[in-house]
Ligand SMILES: N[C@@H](CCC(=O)N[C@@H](CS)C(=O)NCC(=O)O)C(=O)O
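Take a look at this single chain, the form predicted alone, given in structure tokens.
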Amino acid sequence: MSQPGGTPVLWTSTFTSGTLAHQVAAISGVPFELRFISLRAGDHKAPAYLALNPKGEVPALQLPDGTVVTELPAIIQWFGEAAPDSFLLPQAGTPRIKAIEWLAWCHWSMGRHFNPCFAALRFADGDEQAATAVRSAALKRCRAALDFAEAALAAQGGTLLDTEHPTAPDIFLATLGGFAGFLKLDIGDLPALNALMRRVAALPAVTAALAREKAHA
């Protein structure tokens, strides 16, 4: 894999959890190079990519000094710190800690609840009957998580941190809300979450990022 120059390189795959990193990077305004790989084609297991990210996952952020950062909360925090004037993350104090708390919660919820819905057979070690049970239980946990987030949004005036603009945790939560559509999980009765999802989708940087992914898919 070629080494980056003076800008970070974001490795991702279209319409995966890496889409969130792509959106955050775009919102930050920090110059970055975007490189798509195909999970379907197995690019994430190719020796060249494993040399970059031995986890064999996306997203991965390769910094100009060659350091590779993985895991969404860390990548999101890097862009938030690289763009202190953006609304992605509060810069200090309790708001900053609460932002990190919500990022951790969203990331944990994605892995613990949503991922088993998308890959139930893998979580059940190939047992189709067990996979059905895994997915059914995971869907219930997804809904419970989104109910929890709905209550938080309602209590905080529409954003997780009670801010004028959606922050990085809000963008992460909107992604989880979007997963509900793919899972055919009805969230029509969660007005605060749906309003947040519309606000995030309307951000010009998010619109542009999704257009790039659609064009590449």
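Please read all numbers here as calculations on a predicted model, not as lab measurements. Numbering starts at 1 and follows the sequence shown.
There is another form of the same protein, the form predicted in complex with the ligand; it is not shown, and what comes next is about it.
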ask   = Should the three residues Cys117, Lys184 and Met197 be counted as contacting the ligand in the predicted bound form, with contact defined as a heavy atom within 4.5 Å for each?
value = no
task = Work out which of Asp127, Glu101, Glu81, Glu71 lies within 4.5 Å of the ligand in the predicted bound form, going by heavy atoms.
result = Glu71
query = Does the ligand get within 4.5 angstroms of any non-hydrogen atom of Leu160 in the predicted bound form?
reply = no
query = Should Leu39 be counted as a contact of the ligand in the predicted bound form, where contact means heavy atoms within 4.5 Å?
reply = yes
key: 4.5 Å heavy atom contact, Gly29 and the ligand in the predicted bound form   = no
Residue contact check: Ala138 to the ligand in the predicted bound form, 4.5 Å heavy atom = no
key: Segment that reaches the ligand in the predicted bound form - one of 40 to 48, 185 to 193, 146 to 154, 160 to 168, heavy atoms within 4.5 Å   = 40 to 48
task = Go through 88 to 113 residue by residue and record those having a heavy atom within 4.5 Å of the ligand in the predicted bound form; state none if no residue qualifies.
result = His107, Met110
